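The chain that follows stands alone, in the form predicted alone, written as structure tokens.
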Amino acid sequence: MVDIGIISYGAHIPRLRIKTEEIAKAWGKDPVSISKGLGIIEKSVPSPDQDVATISVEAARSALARVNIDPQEIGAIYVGSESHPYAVKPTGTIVGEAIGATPILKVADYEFACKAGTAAIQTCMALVKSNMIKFGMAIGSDTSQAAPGDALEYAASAGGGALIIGKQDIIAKINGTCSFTTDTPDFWRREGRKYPAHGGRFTGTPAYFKHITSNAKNLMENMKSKPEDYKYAIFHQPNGKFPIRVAKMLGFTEEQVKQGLLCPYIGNTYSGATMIGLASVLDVSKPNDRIFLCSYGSGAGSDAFDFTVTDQINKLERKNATLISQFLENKQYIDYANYAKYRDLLYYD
């Protein structure tokens, strides 16, 4: 069997932030109860010149900066997002042109709520394994939308992560992957609608928790593994509470989840959430560390992965691109008035 895995990784998180208490104050809500209830202190905000395309390009460039790969050898680029800048025009072609990978053999934009990026990983795995491409790039990126005053507004943020998948010089071997999908309408946005709708508490059970626990158990059964076999665990993070709760349900500890849990500081980056969480873990990983990752996408589905970090991680030029810890430190706060302007909340038809 030929090993398939991650060759390099990169991420990007906008510098702008807004505190949860600032949003709560604008709507006359109790900031303490909101922050504690969601487990979110602040979230990232895209500036007016940032969108999924620019964030994806930055993440892709970071992945390339860490490794000596000719962009022309990247045979596929898949960008997963639910906030692509164009309804008809792929984001992937923009990324390919920006990183010097064109002409590219295969490009597509993916949509499956917050798990579109992890679905792209699986596609790249299959193409590499079949020898149709040498390297594939999987990206999860979003500038998520939320209606003013809605509960989603406290979490919906921006960011993205990119992975280069291949066979040579693997820094994290993909031991296995599996998925679990049903028709569970917990969150949706109709064509032409500016903001998504959601099923309130229905989004937790039977949506998020059922799909992640079911898929996580399937993967551990397939891999004949237990929670204690992993150094790190990354779960989709729509807020700061759900990942910790689902981890405990499955037998993982808070210590295993801590490094990849970024939602309290940057919000829910949707398709970027598990990708950025994985980037944070890879920033500090050592050889033989085993990583468990389980994404979730409303509608509803989950992709789970089992990784083992290799000795090659010590040769990767991790400091050639911005580390997640640096993104967390490099920030600028804005008030709700500027947030409304930047997120186009004042738009009317």
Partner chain sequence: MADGAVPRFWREIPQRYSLIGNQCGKCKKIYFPPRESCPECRRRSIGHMNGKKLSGLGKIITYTIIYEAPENFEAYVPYPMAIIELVEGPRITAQIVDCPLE
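This one's a predicted model, so the numbers in the text were calculated from it and none came from an experiment. Positions refer to the first chain, counted from 1.
From this point on, the text means the form predicted in complex with the partner chain, which you will not see here.
Engineer: Taking 4.5 angstroms as the heavy atom distance cut-off, pick the stretch from 107-115, 251-259, 91-99, 186-194 that is near the partner chain in the predicted bound form.
Structural biologist: The contacting stretch here is 91-99.
Engineer: Counting any non-hydrogen atom inside 4.5 Å, which residue from 308, 35, 312, 50 sits next to the partner chain in the predicted bound form?
Structural biologist: Contact with the partner chain in the predicted bound form is made by 50 alone.
Engineer: Taking a heavy atom within 4.5 Å as contact, would all three of 66, 134 and 320 count as contacting the partner chain in the predicted bound form?
Structural biologist: No, none of the three is in contact.
Engineer: Taking the shortest heavy atom distance, is residue 332 within 4.5 Å of the partner chain in the predicted bound form?
Structural biologist: Taking the distances in the predicted bound form, the answer for residue 332 is yes, it comes within 4.5 Å of the partner chain.
Engineer: Does any heavy atom of residue 290 come within 4.5 Å of a heavy atom of the partner chain in the predicted bound form?
Structural biologist: Contact check for residue 290: no, nothing within 4.5 Å of the partner chain in the predicted bound form.
Engineer: Would you check, heavy atoms only and a 4.5 Å threshold, whether residue 61 touches the partner chain in the predicted bound form?
Structural biologist: Answer yes; at least one heavy atom of residue 61 falls within 4.5 Å of the partner chain in the predicted bound form.
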